[in-house]
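Single chain ahead, by itself, as structure tokens, in the form predicted alone.
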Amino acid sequence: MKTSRIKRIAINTGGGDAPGLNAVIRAVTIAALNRGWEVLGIRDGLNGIFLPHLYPDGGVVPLTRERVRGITHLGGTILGTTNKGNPLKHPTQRKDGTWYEKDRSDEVVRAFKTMKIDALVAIGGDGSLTIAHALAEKGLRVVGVPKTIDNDLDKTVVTFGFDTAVSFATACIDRLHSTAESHQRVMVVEVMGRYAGWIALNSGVSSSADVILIPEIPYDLQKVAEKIKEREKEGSKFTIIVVAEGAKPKGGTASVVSKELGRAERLGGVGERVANEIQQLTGKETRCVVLGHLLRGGTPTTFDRLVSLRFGAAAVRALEQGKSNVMVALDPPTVRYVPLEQVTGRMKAVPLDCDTILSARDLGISFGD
């Protein structure tokens, strides 16, 4: 098997934070140190390496055994992260004061060469791995690790962070059952899920929600109102509705809060919109709870810790074997490597014929269609 001489590698974490990031950092660091490699951590995505002026104390930090000791169970990332500063589309100001998106990836590659970094382990979702793929195409050795609580990355059974997010969302929805029943209210719970409804679907089914609205199935609130009235007739005076932030009505669009240069559009507000319209259609007192970034924080579950540690160790093995421009992917019972070009620019949406949706329908859960 082909091997490659490596002396120094770097790790970065980009995009939204997710439980398990620190576990990956620890696994990569320990596995690399055990091979005699030096390990560096890049702060805040790639900002630490191509925007060093932002860090008077250093945008790249050495990762030692002491630095990664005791971080497996911690949420967040000790390196920091960002969903701004994409070097492929970096916001840059012209002399006339206007802004445009500039490709600064060549600067990143030069910085790696200057620092004599032999390879990068890039931990992130679609945006971060798209950047990683572009850097690999320019000659940088890169192995990606799939991270997103939305679970919408293709070619891997699951991404780390997803299980923790679903577990927390389920616990929250469980708590809302008692207050909704006590006050005979409709409770609308908005969870993350920009373009894929995995969190809403899994947490909604697990917590016995009555209605689940996901991006893959445009909803009709008249159908939702009928479900609520049907429950009323059966003696159930309350209803639990779980809605993904990217859910949209039939013939409509997702609820966008803002769009900034150099970053993806920001979604939000669909829960409140659904709650207001449901109250008007049914006359039922309706409340909205937005879980939002609560889903990103906190201690990773056992499953997410284990997957993160496995991914991190597998990334180092990939580099040792001479691989590049690949992503580690869970393919139970093993971890395999898939080309980044097969991952980036794609999205793993919820299949409409998947067993979880079929089971939900058998249980009487409405999808607003």
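Note that residue numbering begins at 1 and tracks the sequence as displayed. Given the structure is predicted, the values throughout are model-derived calculations rather than measurements.
The next section is about a form of this same protein that is not shown, the form predicted in complex with a further copy of the same chain.
- Residue 170 is the only one of 170, 105, 130, 282 with a heavy atom lying within 4.5 Å of a further copy of the same chain in the predicted complex.
- Checked against a further copy of the same chain in the predicted complex, the candidates 338, 31, 40, 51 yield a single residue with a heavy atom inside 4.5 Å, and that residue is 31.
- Shown alone here, residue 178 lies within 4.5 Å of a further copy of the same chain in the predicted complex, counting heavy atoms only.
- Although the partner is absent here, residue 332 sits close enough that one of its heavy atoms falls within 4.5 Å of a further copy of the same chain in the predicted complex.
- Under a 4.5 angstroms non-hydrogen atom cutoff, a further copy of the same chain in the predicted complex has residue 183 among its neighbouring residues.
- Under a 4.5 angstroms non-hydrogen atom cutoff, a further copy of the same chain in the predicted complex lacks residue 115 among its neighbouring residues.
- Only one segment in the set 92-100, 130-138, 76-84, 107-115 has any non-hydrogen atom within 4.5 angstroms of a further copy of the same chain in the predicted complex, and it is 76-84.
- Contact check for 64, 153 and 344: none of the three has a heavy atom within 4.5 Å of a further copy of the same chain in the predicted complex.
- Contact annotation for 142-165: residues with any non-hydrogen atom within 4.5 angstroms of a further copy of the same chain in the predicted complex are 157, 163, 164, listed in sequence order.
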